[in-house]
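What follows is one chain in structure tokens, specifically the form predicted on its own.
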């Protein structure tokens, strides 16, 4: 059966890195019989520029008709003065909410060839392979009430609400326990239960769910300690599960352990199995249009799409091996190049992945 992928290039370097992912998809179709149809739509600033809406109905229609969504990046400084509801990030949050993409999976894997590019000493990160599972549709990013209020004395007050229901915590916990079962059977739940009531509930629910997964070793860690431990002893972790805000921060810390945020893919999954896949990095407007962006996080996000949405595990493994092969061959974008290493452009790296797939 033909699979349908919605292609959302977005803003900044998004169109450049997405072009390489699309080339890879075409290669998988031609070389390995991947039966797929692609449809491209605008989101974020590009959509606002075209229609005045960061997530127009036409884009939602394309995404609803697709089996999976592949996203580039959204945002840019030219949109920062817009009302919040019109900013590019509203399109991203809208996609998460529209499709119930509550589980964000962010692997942090250090390829041996990039040990020198890590922010930590090689002996601390060599062999690093951890998975951060972030709850994506609840917490402080979506909690109400929120806003900026005028007080009686002429001062303003900003309000955001961190809120989680028992059912929201339970469903993300089950995703995390099941992921841990397929890895090394260790799960660390990160919260701030010493000062936040919402984290008290989080911990209580996670411990309750743990009873259904006796083969998984569960531990708890406060978020400030978790941040410290990620840069002190990162290999102690197997799977981390945490809320929206904490996961946003911790996954970016983990990115630097792998050499560059340009190497980190992600999957955002719904209870229905539908998923949206995107690199963890942003739109990087400072290098947009220069042909120097690292496309590997987007290509690795495509591998996650093959695995999680289409159950094409062998094809996903083949693509990940191709990325490993070109790193062994010495291909480096500027963000992962060590001193003295030659630097390849966006298209050159994409072409190298295709060559590795074809060999």
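Every value quoted in this text rests on a predicted model; they were computed, and no experiment measured them. Residue numbers count along the first chain shown, from 1.
What comes next is about the form predicted in complex with ligand NAD, which does not appear here.
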field: Partner proximity in the predicted bound form: residue 135 to ligand NAD, non-hydrogen atom cutoff 4.5 Å
entry: no
- prompt: residue 106: heavy atom within 4.5 Å of ligand NAD in the predicted bound form?
  reply: no
query: Are any of the heavy atoms in residue 90 no more than 4.5 Å from a heavy atom of ligand NAD in the predicted bound form?
result: no
task: Give a yes/no on whether residue 100 approaches ligand NAD to within 4.5 Å in the predicted bound form, heavy atoms considered.
output: no
task: Taking 4.5 Å between heavy atoms as the contact cutoff, choose which of 193, 249, 82, 287 touches ligand NAD in the predicted bound form.
output: 287
In the predicted bound form, the one of 175, 223, 280, 125 near ligand NAD [non-hydrogen atom within 4.5 angstroms]: 280
query: Three residues, 21, 265 and 268; all within 4.5 Å of ligand NAD in the predicted bound form via heavy atoms?
result: no
message: Within 4.5 Å, heavy atoms only, one stretch in 255-263, 148-156, 163-171, 107-115 touches ligand NAD in the predicted bound form. Which?
response: 255-263
- request: May I ask you to list the residues of 309-346 that have any heavy atom within 4.5 angstroms of ligand NAD in the predicted bound form, in sequence order?
  value: 335
